[in-house]
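Just the one chain here, the form predicted alone, laid out as structure tokens.
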Amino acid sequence: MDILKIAAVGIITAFCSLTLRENKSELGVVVGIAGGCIIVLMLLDYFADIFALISTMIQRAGIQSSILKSVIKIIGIGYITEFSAGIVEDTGNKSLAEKIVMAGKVIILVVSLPIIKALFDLIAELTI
């Protein structure tokens, strides 16, 4: 089970980071970031499976490929935003992390506008 491997990496990283923070705080942060990156890399296969399933569902539904690209972009932006904000917050910059989250939300809104427009166009066609 991959979750056991991921949990083990997380626990080992946390203990190493905690131990190093007592002596050399800057190394503790680096170890924490490295552990987070390792966990994300362990999840790449799962992301590929998720995107393949979304692609299959959208093709079955007959939805445009541009919408699929937008959905994948939105999901990617969300994960990258959350991960990078977490790293920045771990370094002690909570204010900067909040600004990264805000920027991610704005970018997600901009990327989702074509989907919202398509939805309104579909509703308009149904009511006519």
Partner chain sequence: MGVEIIFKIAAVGIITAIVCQILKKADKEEVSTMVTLAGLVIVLLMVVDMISQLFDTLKNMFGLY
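Numbering follows the first chain given and starts at 1. Keep in mind the model is a prediction, meaning the values are calculated, not measured.
Not pictured, yet referred to below: the form predicted together with the partner chain.
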message = At 4.5 Å between heavy atoms, is Gly86 in contact with the partner chain in the predicted bound form?
response = no
key: Partner proximity in the predicted bound form: Val9 to the partner chain, non-hydrogen atom cutoff 4.5 Å   = yes
task = Would you check, heavy atoms only and a 4.5 Å threshold, whether Met57 touches the partner chain in the predicted bound form?
result = no
ask   = Counting only non-hydrogen atoms and a 4.5 angstroms cut-off, does Ser112 reach the partner chain in the predicted bound form?
value = no
task = Heavy atom within 4.5 Å of the partner chain in the predicted bound form: which of Ile67, Val40, Leu96, Ala103 fits that? Just give me the one.
result = Val40
query = Would the partner chain in the predicted bound form be within 4.5 angstroms of a non-hydrogen atom of every residue among Ile63, Ile116 and Ala124?
reply = no
request  = Note that the partner chain is not shown here; using its position in the predicted bound form, name the residues of 63-101 with a heavy atom within 4.5 Å of it, in sequence order.
outcome  = Ile72, Lys73, Ile75, Gly76, Ile77, Tyr79, Ile80, Phe83
